[in-house]
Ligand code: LER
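Take a look at this single chain, the form predicted on its own, given in structure tokens.
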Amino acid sequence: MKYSITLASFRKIEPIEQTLTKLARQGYNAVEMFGEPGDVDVKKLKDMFDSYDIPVCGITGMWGSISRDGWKRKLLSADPALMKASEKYVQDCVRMCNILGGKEMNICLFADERPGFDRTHGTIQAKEKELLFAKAIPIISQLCKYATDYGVELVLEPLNRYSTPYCTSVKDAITIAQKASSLGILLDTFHMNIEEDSFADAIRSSHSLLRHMHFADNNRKMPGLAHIDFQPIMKNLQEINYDGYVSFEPNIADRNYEPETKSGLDFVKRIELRNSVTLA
């Protein structure tokens, strides 16, 4: 299993150089760069990663409230200007990913705000989702082709209903990925814990499309610091011979995070080793 961690978790607390200095000695195989190409000098960033000898496995798309410009990034919008801005955003991230040597970028599906819609408890009916997906699939397919030309694969990440009510489950993601050309799937344990009936069923049903995993516990901390049982999750991944990255995506509160990022990585590695012995 290959392990990475997203730099988006650290971007508000310290410069990238400081984060790389700390992560370089913890045993991660790679990092995910956060997708804000307008905020960085990409070529200088490439030199920085090279100097620390840390590969970039891909780009974490900055969708929704995670970013100051996230509200513009809506691949399901009825507003042509927002759609154009969203497409350009993905294209810019793809080019950055290519320069940095990464191979994947995650996309998430956000739509226009709906007056009166209860984002906490509301759900979107299946037929309405089908109509929205039908409109989005041609655009996503075009973006996938664009990404492929740069040696990058787009992966669709379902989010929990409190982030967006549109693509919330592995079932939604499979429906889109089977119709959009060259689109993979990314599963995130934090979102799965809210939306999926079964971690095992979600992993098994998506195995032919599954390209990337995000790991975070149910409280958004590193694995082992809350209630999700990662042993069967790792076993499910090992059983389907998953060979993509397991990328950690914790909320980091301050600069004293090294014990947590190291213990979380070691925790999952120990599970992988124990499962390997059992499955042998």
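Residues carry their position along the shown sequence, with the first being 1. It should be emphasised that the depicted structure is a prediction, and the values quoted were computed from it without experimental measurement.
The next section is about a form of this same protein that is not shown, the form predicted together with ligand LER.
A heavy atom within 4.5 Å of ligand LER in the model of the complex is found for exactly one of Y245, W63, Y28, F215: W63. The partner is not drawn, yet in the model of the complex one stretch among 184 to 192, 118 to 126, 141 to 149, 169 to 177 has residues with heavy atoms inside 4.5 Å of ligand LER: 184 to 192. In the model of the complex, E196 stays away from ligand LER, with no heavy atom inside 4.5 Å. A residue is said to contact a partner when one of its heavy atoms sits within 4.5 Å of a partner heavy atom; N106 meets this definition for ligand LER in the model of the complex. In the model of the complex, ligand LER stays beyond 4.5 Å of every heavy atom belonging to E36.
Looking at E239, you'd find every heavy atom of it more than 4.5 angstroms from ligand LER in the model of the complex. Although ligand LER is not shown here, in the model of the complex the stretch 123 to 158 places heavy atoms of just one residue, E157, within 4.5 Å of it.
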